[in-house]
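Heads up, the chain below is alone and in the form predicted alone; it's given as structure tokens.
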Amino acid sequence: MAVSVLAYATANPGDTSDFERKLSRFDPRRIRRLAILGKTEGNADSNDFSRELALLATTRAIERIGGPALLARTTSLFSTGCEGAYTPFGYLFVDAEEARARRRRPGRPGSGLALGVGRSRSLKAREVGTVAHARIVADTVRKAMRDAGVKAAQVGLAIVKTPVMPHVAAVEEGKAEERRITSHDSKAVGGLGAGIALGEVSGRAVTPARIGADHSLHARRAMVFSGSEVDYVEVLLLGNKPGAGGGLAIHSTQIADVLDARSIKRLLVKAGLRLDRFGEVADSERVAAMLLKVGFAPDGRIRGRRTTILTSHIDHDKHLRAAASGILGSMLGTTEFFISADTIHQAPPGGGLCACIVRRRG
């Protein structure tokens, strides 16, 4: 088996023309797992359905190409928000049987990109945002690790989609309960759950009082997204597995803040890429995917200086995505990368996570 990663362009959230061209390169019968990580334009408000439109259009395209059987082996994660110098697009991950075995070249590293997915049962309304929710996330990440055939130490990135309850009047066991679990709350339990599964957070340390409050508890290799369109946890996990084919590898690192270009450059160099004398990537064609998760300190300051992240009428996530797009774009010379904001329990306050998938030489 070998994992391929392809970027596909979109003219609008419902456009799947390039997606279908890229997917049609593969024989659906040889695909073990198919995963989509998409970014749509939109304001991300409750009445913005660009994400739902993209999911619907992509689902129909997969059915046209591979029928219900391929759709059953597919994981689709969409996120809204492309502010700044940022192109709406998607990444297509295809874990497929190679047409013919390839001989490993002498001296070539023995590990390649591995992909695993997991999906939980539907959560009950009373579970969302709780310790039970975090444990369900942990179990789902472990399921994805088993699917990929990797151990926790081999995981480069766990991408977690987790439910929110923006407007809920939950009626369970004859009792009515008004609750509102925000995207921030849902991402918090998602980060803690992933950290438990990856051995970065102690399960005993996750208590109701510490969720969203104790920032010393955080995962180091997880990106968490939330959505009101799902009532379950879904995970797309990427790691480096000995013996895997495909010629790709994933590398990840934590960053100190949204301006921490130095840590990103160190990651790119560690991944085997070359920087020119101006600090730009000289062989950016080897970058198959670039993913960044950024956050901000609780006081809204960056490196001790005041910003308008918390005082502006513009949502703070939009500030961060726009700023980060300039950082990545100036290094890679492109506007095609995946950026998300809010790193609650996924990094120390103000910090974040960067991951890149790189084509190996040789």
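If you're wondering where the values come from, they're calculated on a predicted model, not measured in any experiment. Numbering starts at 1 and runs along the sequence shown.
In what follows, reference is made to the form predicted in complex with another copy of the chain, a form of this protein that is not presented.
Only one listed stretch (190 to 198, 133 to 141, 287 to 295, 251 to 259) carries heavy atoms within 4.5 Å of another copy of the chain in the predicted complex, and that stretch is 251 to 259. The putative spot formed by 266, 308 and 311 is fully lined by another copy of the chain in the predicted complex; each residue has a non-hydrogen atom within 4.5 angstroms of it.
Residue-level contacts in the predicted complex: of 152, 72, 205, 275, one residue has a heavy atom within 4.5 Å of another copy of the chain, and it is 275. Using a 4.5 Å cutoff between non-hydrogen atoms, residue 12 counts as a contact of another copy of the chain in the predicted complex. Among residues of the shown chain, residue 27 is not one whose heavy atoms approach another copy of the chain to within 4.5 Å in the predicted complex. Heavy atoms of residue 91 never reach within 4.5 Å of another copy of the chain in the predicted complex, leaving it off the interface. For residue 84, a non-hydrogen atom is located within 4.5 Å of another copy of the chain in the predicted complex, even though that partner is not displayed. Residues 11, 12, 13, 41, 42, 43, 45, 46, 47, 49, 50 are the ones in 11 to 50 with at least one heavy atom within 4.5 Å of another copy of the chain in the predicted complex, listed in sequence order.
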